[in-house]
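As structure tokens, one chain now follows by itself in the form predicted alone.
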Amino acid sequence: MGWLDRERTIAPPGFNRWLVPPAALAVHLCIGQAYATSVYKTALVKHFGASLTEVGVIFSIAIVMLGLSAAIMGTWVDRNGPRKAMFTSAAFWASGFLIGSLGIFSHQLWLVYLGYGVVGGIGLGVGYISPVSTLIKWFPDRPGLATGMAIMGFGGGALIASPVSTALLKMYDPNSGAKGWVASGESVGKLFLTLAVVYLAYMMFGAFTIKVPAEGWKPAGFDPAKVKAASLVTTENVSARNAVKTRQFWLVWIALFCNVTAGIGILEQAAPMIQDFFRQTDGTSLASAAVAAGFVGLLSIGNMSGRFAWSAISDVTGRKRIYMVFLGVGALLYTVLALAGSTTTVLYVALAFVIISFYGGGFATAPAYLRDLFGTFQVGAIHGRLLTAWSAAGVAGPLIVNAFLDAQGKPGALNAASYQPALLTMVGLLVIGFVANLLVTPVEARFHEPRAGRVRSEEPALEA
């Protein structure tokens, strides 16, 4: 397996760094399918005779495993390079679909948990972090833009996976033209087999086209002195082991957790929320199912565009200031959404779109934030540990929202006021995150790596 080693991926002199983002996108566009699970959720409920909660656990397991695998394997990813990591991610992600399809065909829900949830979740975690640290090394002059280009693909993966999956389900199910059609379990199993093959091929393309810069490389015209002049940007390096000992890491962890939890608060209930917000007094809904589906698609665009736009803007404003926007302005927008969002559809949609763009921007800006604070030495491993905030938020967000909604009444009988307690709770979380972000300061020198003692097998830092 020597052809997967990092040494085989070092770029030759004169290599165009703009050839690297497509390789990163190849992985993130595939694993972004995780946001499109709602396409076949109802079909699995019918096929297994299970509840929405039991089927929803599949996604929760995948997100938890994403955070755990990213945290545990982050150092391995940095040490072995992006090609081996992306190859591993592709193998796990495709295997997850294969095992999941076996569970569907054999009516064993636990195999879907194991396949898509556990095995596929490991592929998610390794694939999520593997291209990010590489792009940061290629774009030391614009790290926010670099991470945005990669992570944008994860947010946009559902935009491709949702319509493609729907079309395939209709093709595989002979009863797709029936009124009130719900895809059969067999068609979902065939969909999983198809996705396994397609995603494996495309992710392998990314793995074998990715390149890392040679030690000491820097882009033409790049002046490290300008980076050093920024108060929170270091030219030193901190190992992953030491990073988790710093208060800066945990302050950013809290900020990301609060931002993600608040975003999931809308994503978890996106389709029913817009219908409930504009429910008429006679019990009918002004927002049809088609409008609700369109709203979910619009939020996907906000999620994807926010990942690129806000992370690129952070190269100008700085990462701490952009997080102040995510958390501070986000708290204000959530308050308006809770108290006045039901007055007009335009206001509601606009508020939700911007809030979800903050959600996506928080993810995309986080790796660059870590690079500013801890250097490039093991930024992939540190990023992996930070993603445990996502795992925690993936559990906390749905629990908070669903607990409040269960206390307000039954689904189908809720209105805008029913969501106010949950939305205002998210405001409180965002305020906590805002305070945590304000407390972020440069990392103390005692955590820095000795320049002469860095492990040579680690990916090199970008130094002049």
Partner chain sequence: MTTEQSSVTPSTGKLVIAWALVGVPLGYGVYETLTRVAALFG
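Keep in mind that this is a model prediction, so the values were computed, not measured. Positions refer to the first chain, counted from 1.
From this point on, the text means the form predicted in complex with its partner chain, which you will not see here.
- The closest non-hydrogen atom of Gly156 lies within 4.5 Å of its partner chain in the predicted bound form.
- Though the partner is left out of this view, Val118 does not reach within 4.5 Å of its partner chain in the predicted bound form, counting heavy atoms only.
- Its partner chain in the predicted bound form comes within 4.5 Å of a heavy atom belonging to Arg17.
- Looking at Ala178, you'd find every heavy atom of it more than 4.5 angstroms from its partner chain in the predicted bound form.
- Taking the partner from elsewhere, no residue among Ile266, Gly328 and Leu333 has a non-hydrogen atom within 4.5 angstroms of its partner chain in the predicted bound form.
- Note on the partner interface in the predicted bound form: the residue among Lys170, Lys218, Arg247, His107 having a heavy atom within 4.5 angstroms of its partner chain is Lys218.
- Put simply, of Val349, Leu102, Ala312, Leu114 only one has a heavy atom within 4.5 Å of its partner chain in the predicted bound form, and it is Val349.
- The partner is not drawn, yet in the predicted bound form one stretch among 236 to 244, 254 to 262, 208 to 216, 373 to 381 has residues with heavy atoms inside 4.5 Å of its partner chain: 208 to 216.
- Residues of 304 to 324 placing a heavy atom within 4.5 Å of its partner chain in the predicted bound form: Met304 alone.
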